[in-house]
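Encoded as structure tokens, the following chain is the form predicted on its own, with no partner shown.
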């Protein structure tokens, strides 16, 4: 089949790899002028590692990443709020602190080796179905000053263009997007603080600081703040701001010593996206474009990777069974959504539930969190479920 993919991110490149490896003709359309490594640190959970391993890239990725034993969150007083260790679930289980840019490089090179074509400066803004011979095709329209450029014809389009996808509205698909009031400033840099876990410090629900080791002596640092406070924060004297952060989280001093300007930080908003329908005429949405969440559970990249391999497996299964290409897409989508619905819903609902307890207005949620979270994380059954959730192996509230 000839398959188009909108978006050259982790989900888009992983999907392209699996489809091209299966023998399909794949073209990625990317809005950027050049595909290059960018991004902060991410937690590659055991669920995501399985997918990367099936791509043959896990060993190379692990060499430039940091093996992590779990996560630790503390109050700014030093009291442990929650500690979760993978080996409490399975002795050989671990997480990986990964620089998103280094991971993207590996994925992009793997795609190119499989013959995936990449079209830059081509943000997909719409598409239209076409009757061609005995079947249907889809023609891609990309953004271009003044007029659009049309590309086609493809058997179907995979929309993997992120939480801010323009295709959802263009195709008339109902979706609900929540723009969180809170966001984060993040950066990566050299740090002498190299724990073997994701480390967070919290003060109420106003201050959230995170340090994620990502290999090669680097950490990814993030500072939670309200979206409306961005301009005010940038106007603050940098030395005074760093002093405030170090007071709340002394372990951040090393990485902040490399910062000389607020321009070194990237501002990232949080979105929560749900779609009433993920599929329309010859188009399916995968990854953050279909089910974006806040990063508080750290599952976005892992869910996107799972989408990629699941869709490819479904396509391989139904290509052998269906009578024609016209039948395949509908059957593949039905099978894919059936397999993914419960897990995606679980992680979206849980992330939406817990996010206000870490970043929101008011004091009550922080008090409730500080009272109950330490107790919950020590209750054997609850801790076991928390670990399964962290590792990405939960498939639903009761699965």
Ligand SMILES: Cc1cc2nc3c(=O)[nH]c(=O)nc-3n(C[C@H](O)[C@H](O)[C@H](O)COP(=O)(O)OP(=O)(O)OC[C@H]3O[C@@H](n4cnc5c(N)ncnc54)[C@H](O)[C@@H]3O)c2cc1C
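Please read all numbers here as calculations on a predicted model, not as lab measurements. Residue numbers count along the first chain shown, from 1.
FYI, the form predicted in complex with the ligand isn't displayed, but the following is about it.
Q: The ligand is absent from this chain, but in the predicted complex, do 50, 313 and 338 each have a non-hydrogen atom within 4.5 Å of it?
A: So, no: the whole triplet misses the ligand.
Q: Quick one: of 252, 188, 299, 205, which gets a non-hydrogen atom within 4.5 angstroms of the ligand in the predicted complex?
A: Of the candidates 252, 188, 299, 205, 299 is the one lying within 4.5 Å of the ligand in the predicted complex.
Q: Just to confirm, with a 4.5 Å cut-off on non-hydrogen atoms, which of 152, 215, 162, 195 contacts the ligand in the predicted complex?
A: Looking at the other structure, the residue within range turns out to be 162.
Q: Within a 4.5 Å heavy atom cut-off, is residue 306 in contact with the ligand in the predicted complex?
A: Close contact is absent here: in the predicted complex, residue 306 is far from the ligand, nothing within 4.5 Å, heavy atoms only.
Q: Using a 4.5 angstroms cut-off on non-hydrogen atoms, would residue 3 count as touching the ligand in the predicted complex?
A: Contact check for residue 3: no, nothing within 4.5 Å of the ligand in the predicted complex.
Q: In the predicted complex, does residue 113 have a heavy atom within 4.5 Å of the ligand?
A: No.
Q: Does the 4.5 Å heavy atom contact test between residue 60 and the ligand in the predicted complex come out positive?
A: No, residue 60 is distant from the partner.
Q: Sort through 40 to 48, 344 to 352, 360 to 368, 327 to 335 and report the only stretch with a non-hydrogen atom within 4.5 Å of the ligand in the predicted complex.
A: That would be 40 to 48.
Q: Does any residue in 214 to 253 get within 4.5 Å of the ligand in the predicted complex, counting heavy atoms only, and if so which ones?
A: Going through 214 to 253 in order - heavy atoms within 4.5 Å of the ligand in the predicted complex - there are no hits.
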